[in-house]
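Just one chain is shown here, as structure tokens, and it is the form predicted on its own.
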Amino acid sequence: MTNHTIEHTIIIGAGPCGLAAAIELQREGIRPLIIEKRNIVHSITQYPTYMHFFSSPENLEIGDIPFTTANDKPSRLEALNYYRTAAQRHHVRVQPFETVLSITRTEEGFKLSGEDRFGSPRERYCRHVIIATGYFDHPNRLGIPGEEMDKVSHFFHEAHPYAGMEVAIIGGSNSAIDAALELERVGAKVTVIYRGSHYSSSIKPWVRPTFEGKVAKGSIAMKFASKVIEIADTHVVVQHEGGEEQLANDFILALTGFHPDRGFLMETGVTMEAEGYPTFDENTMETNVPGIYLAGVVASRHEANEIFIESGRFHGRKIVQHMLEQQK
């Protein structure tokens, strides 16, 4: 006999895809518990303050709740309001500010060991686990001298603090391009340092001409086929085909993408593919560990970005269908 509550399913992560999975399970009479180490849709709070999504609002909807906006593309603030409302209307069970540190197999299923925001231990038990933790706590590191300095950030929130400063942006994705444009507007001196030899094909088509125009006018400096190899107090060292050069610098925005928490997944028993992504069945979202599933960006196998909500929100349907088939 056990003297603890055994949940049917625990979902780790209350992002859009974790919430969508919870709603899908509830439709089948399963009341999952979501454990979130911070707040609901914390990843979206990490986006730039004035960001607008690449996706149209209907492609971000969950739980059959319309996502309305006065704009063509929804803003970060509108997304926060939307997903918070969706969770409330569906009465999703969320335990915020609790961190799961390990998952171990038990006779009944799994034990999740962790701690609350004050460091007090917590134990949860369940039959199934859905890992929907996203990427944003694990930025891709540069691995160069000076990366740990206070002047370096892997996140960009807003441009105002950088007005008048020499700012180097490392990366060439949408996040890097959007940040560069915002920074230039407030008077920052921006240099974008990108290892690619030409612009990324993923750049939003309505943004690229504006950015290219700023580069052509010299308002933004663009360095292709280049990489930062050292960061110092007042400068950075950039390596390119012509050799090395030293650039005056006050701040670095290393917008180089993110990766899943491989250590946590591997300790749970989930194996990693050669490319460094977790093993799972795309039809069921189940990992190589029976009863442990993935949902959302952690299963993207691609660079993490907001577009993945479009497909990740449907992972819960695949998971619940597999669970129901297993019960037959």
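All residue numbers refer to positions in the sequence shown, first residue = 1. Here the structure is a predicted model, which means the values were calculated and not measured.
The same protein has a further form, the form predicted together with a small molecule, not shown here; the description that follows concerns it.
Listed residues Y125, Y199, F136, F251 were compared with the small molecule in the predicted bound form; F136 is the one with a heavy atom within 4.5 Å. The listed set M51, L265, I292, I62 contains one residue whose heavy atoms approach the small molecule in the predicted bound form to within 4.5 Å, identified as M51. Only one segment in the set 277 to 285, 41 to 49, 24 to 32, 64 to 72 has residues whose heavy atoms sit within 4.5 Å of the small molecule in the predicted bound form; it is 41 to 49. Using a 4.5 angstroms limit between non-hydrogen atoms, E98 touches the small molecule in the predicted bound form. When the small molecule is considered in the predicted bound form, G316 lies well away from it, no heavy atom lying within 4.5 Å. In the predicted bound form, T191 stays away from the small molecule, with no heavy atom inside 4.5 Å. Interface membership of S226, defined by any non-hydrogen atom within 4.5 Å of the small molecule in the predicted bound form, is ruled out.
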